[in-house]
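Shown next as structure tokens: one chain only, the form predicted alone.
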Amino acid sequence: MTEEQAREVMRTVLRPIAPEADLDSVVAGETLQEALDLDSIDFLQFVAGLAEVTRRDIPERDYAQLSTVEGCVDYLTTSH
């Protein structure tokens, strides 16, 4: 998966959770929860959506890696 594909997957998954979310407005290093006003349930739905769309198991220990745009892109573009 390329970086652009990873960002598109993130947008697709976020759309029903936070329709007004704009990934392009998230500052580097800022957490998705802070930047997009996601609560913990929203974030869990985001992770579950990523797992479903990518057909990858995402263990709970990896959730922290998905907390920023950069971390999520890195996670999705590397094999685990």
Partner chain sequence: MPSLGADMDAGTITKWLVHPGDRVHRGDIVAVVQTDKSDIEVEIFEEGTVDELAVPEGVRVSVGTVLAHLTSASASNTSGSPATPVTPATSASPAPPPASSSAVRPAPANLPLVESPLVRRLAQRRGVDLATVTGTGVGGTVTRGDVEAVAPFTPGVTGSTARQSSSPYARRLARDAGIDLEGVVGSGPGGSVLARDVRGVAAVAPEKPAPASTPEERRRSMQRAIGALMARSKREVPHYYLDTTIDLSAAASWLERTNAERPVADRLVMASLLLCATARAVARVPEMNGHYVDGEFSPSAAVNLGVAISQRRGGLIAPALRDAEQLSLDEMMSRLNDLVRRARNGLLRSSELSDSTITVTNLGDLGVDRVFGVIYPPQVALVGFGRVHDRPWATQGLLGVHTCVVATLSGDHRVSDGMRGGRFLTEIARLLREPEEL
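All values reported here derive from a predicted model rather than from experimental measurement. Numbering follows the first chain given and starts at 1.
Another form, the form predicted in complex with the partner chain, is not on view; read the next lines as being about it.
In the predicted bound form, the partner chain sits within 4.5 Å of a heavy atom of Ile41. When contacts are judged by a 4.5 Å heavy atom cut-off, Ala48 counts as touching the partner chain in the predicted bound form.
The partner chain is not drawn, but in the predicted bound form it has no heavy atom within 4.5 Å of Asp24.
With a 4.5 Å cutoff on heavy atoms, Ile58 counts as touching the partner chain in the predicted bound form. Taking the partner chain as positioned in the predicted bound form, the only residue of 61-78 that brings a heavy atom within 4.5 Å of it is Tyr63.
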